[in-house]
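One chain comes next, on its own, written out as structure tokens in the form predicted alone.
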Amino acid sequence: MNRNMKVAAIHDLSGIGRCSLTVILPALSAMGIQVCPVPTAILSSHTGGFGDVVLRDLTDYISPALEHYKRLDFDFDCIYSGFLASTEQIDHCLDFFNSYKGALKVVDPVMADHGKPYKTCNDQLRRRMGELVRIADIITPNVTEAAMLLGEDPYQPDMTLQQMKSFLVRLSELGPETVVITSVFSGGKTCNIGYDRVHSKFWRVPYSMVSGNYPGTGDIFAAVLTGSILRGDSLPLAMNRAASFLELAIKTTYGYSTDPREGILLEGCLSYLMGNPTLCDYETL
């Protein structure tokens, strides 16, 4: 790259648990991309097992921040939205996307996982998430979120090839040219799958699992995928880079037997993102 690219990351900030902005910032920074955080909420920890969480909703911050950036004539190469603390924040995300029409629009529709919606995801937020999906260039739902966006049963234990392609195409028909679905289980394998509507190509990146469930992995995957595409990678290479890094970080973490609630040991793995390894483990779907 001959210039520093800038990403406005509209996500929450959790103090403990290595997720959202606490992993997006270092991951994209290691890839040579400046992250300009637009926090949607501040939490004492993520909501997965640390008891009563202290949460401060920052809905009233987002719009004034955008107006400040516009007064400065500050430009962004990408607007990237994630966890939203209220339905009103959908409107603020739409304002960001509409204010920077030339920026890559990435939407990670954070709503659910493991077949169940998060406690913070009410019916109205679920319905309105489709408004962001419609104007996105890229969306990165996990398989539960993909099913919810399509009005399907959120529990998808084992998908056939036909089901995977159907999900990808139907999600793309909602608006985005590129769809990546993570954490898909099919035929005894776990994988991430992707669809490039412009070239009518389907991709799959299988990966090996270890025991344990770590928060923030979806955030890391989407961040590395976004950084890779901004740096010029094709979709299958970007998917492979994100999956390879995540597999490395998860296996490293598992080897140290740390508390899974604290997330993956990202700090010791960032050097992987600073290089540009040749990746070739993707396959057509």
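We number the residues from 1 along the sequence you see. Only a predicted model underlies this, so the values are computations on that prediction, with no experimental measurement involved.
Beyond what is shown, the protein has a form predicted together with a small molecule; the following relates to that form.
Engineer: Do heavy atoms from each of 19, 43 and 216 fall within 4.5 Å of the small molecule in the predicted complex?
Structural biologist: Answer is yes for this spot.
Engineer: Give a yes/no on whether residue 74 approaches the small molecule to within 4.5 Å in the predicted complex, heavy atoms considered.
Structural biologist: No, residue 74 sits far enough from the small molecule in the predicted complex that none of its heavy atoms falls within 4.5 Å.
Engineer: Within 4.5 Å, heavy atoms only: does residue 110 come near the small molecule in the predicted complex?
Structural biologist: So residue 110 counts as contacting the small molecule.
Engineer: Wondering, does residue 80 line up within 4.5 Å of the small molecule in the predicted complex on heavy atoms?
Structural biologist: Although the small molecule is absent here, residue 80 would stay clear of it in the predicted complex, with no heavy atoms inside 4.5 Å.
Engineer: Does the 4.5 Å heavy atom contact test between residue 118 and the small molecule in the predicted complex come out positive?
Structural biologist: Looking in the predicted complex, residue contacts with the small molecule include residue 118, since a heavy atom lies within 4.5 Å.
Engineer: Which pick from 260, 37, 32, 48 sits with a heavy atom within 4.5 Å of the small molecule in the predicted complex?
Structural biologist: So the residue touching the small molecule in the predicted complex, by this definition, is 48.
Engineer: Which of these stretches, 155 to 163, 205 to 213, 110 to 118, 172 to 180, has heavy atoms within 4.5 Å of the small molecule in the predicted complex?
Structural biologist: Result for this chain: 110 to 118.
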